[in-house]
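Single chain ahead, written as structure tokens, the form predicted alone.
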Amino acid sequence: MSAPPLLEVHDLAVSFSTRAGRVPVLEHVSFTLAKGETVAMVGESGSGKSVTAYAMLRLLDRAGRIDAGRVRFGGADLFALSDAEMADIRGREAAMIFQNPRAALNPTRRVGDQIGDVLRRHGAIPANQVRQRVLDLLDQVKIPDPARRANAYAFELSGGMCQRVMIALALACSPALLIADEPTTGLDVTTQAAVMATIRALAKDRRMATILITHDLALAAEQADRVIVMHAGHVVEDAPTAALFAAPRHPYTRALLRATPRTTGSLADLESIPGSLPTLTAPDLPPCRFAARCPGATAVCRREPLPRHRGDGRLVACHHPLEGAP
């Protein structure tokens, strides 16, 4: 028998309170993640990638509400835990690298002290070993002169250095799950490659499951075992990376691939995705939120609940799934 998934997200639904009323942001979000597996979540800004991660870890702000669904992690139902029990899991067993590392770090405390706080909070090691563990972590994420950098404040470090500190913070207690939310945003190409190489090497060494949230399909293709495509709060496709890039089955996935620059192509080869994400406050949202932008949409797409076709280790939520290469 195969081992059960480390993470199971089933039918997750999230809404936010706004001036226009309560807005459904996520609907029927479901996926699994195995130990040691890397999954990339891709889609346009506003598609629900980061909200999914925040909801899973119960980090939504006060306006957000989990309306339905279940998240099981390591056999535990995260939505059934007390706040204190959930706080114990965050950082120790599941950790997150946030989008803006400089903003996520406390500007008034030295970065080494912040890493030490995590180690002390979760009792990972004896108090007299915390300082050395902090230096070891900074060394693992390839920060030169760890002793000097540990005494620095975030504003004294480059964006790449801050990102590495965030990785060290996230990995301080050797979590089973790492969520990396746009970990290369704002970094130059060389630093991006170094940061992702660090995450990949540490994940492989620790058999750590990783969720990579990104707009960059090339990065997803390079790093992930599987890709989850989100559009307007729905998972529209979930497939092994090679299969998805060779033959995307959802029209939105195909449109994303055609809008992605290729090193062998030219700007003239790029195709933009028509329209924009639907307004989620609209009272008449169709079951398929891509219908208004989809050249293959029919009346059934605007009327009938989305079917979820499964097979060959992949899922596509579409009335008219595609066949063949993009």
Partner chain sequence: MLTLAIRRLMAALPSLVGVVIVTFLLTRALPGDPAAYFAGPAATVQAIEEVRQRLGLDQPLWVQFGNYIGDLVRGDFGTSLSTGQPVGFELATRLPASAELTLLGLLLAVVIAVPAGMVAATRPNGWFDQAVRVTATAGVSLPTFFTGLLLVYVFYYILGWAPAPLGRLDIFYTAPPHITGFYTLDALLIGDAETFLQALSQLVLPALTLGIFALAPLARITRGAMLEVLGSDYIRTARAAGLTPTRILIVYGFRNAILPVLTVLGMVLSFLLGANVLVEKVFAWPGIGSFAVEALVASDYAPVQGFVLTMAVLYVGLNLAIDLAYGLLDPRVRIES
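Numbering follows the first chain given and starts at 1. Worth saying up front: this structure is predicted, and the values here are computed from it rather than measured.
Unshown form predicted in complex with its partner chain; subsequent notes refer to it.
- With the partner left out here, its partner chain still marks one of 187 to 195, 163 to 171, 251 to 259, 134 to 142 in the predicted complex; by a 4.5 Å heavy atom cut-off that stretch is 163 to 171.
- Using a 4.5 Å cutoff between non-hydrogen atoms, Thr241 does not count as a contact of its partner chain in the predicted complex.
- Contact annotation for Met96: at least one heavy atom lies within 4.5 Å of its partner chain in the predicted complex.
- Although the partner is absent here, Ala87 lies within 4.5 Å of its partner chain in the predicted complex, judged by heavy atoms.
- Not displayed here, its partner chain is kept clear of Gly123 by more than 4.5 Å at the level of heavy atoms in the predicted complex.
- In the predicted complex, its partner chain lies within 4.5 angstroms of at least one heavy atom of each of the following residues of 151 to 171: Tyr153, Phe155, Glu156, Met166, Leu169, in sequence order.
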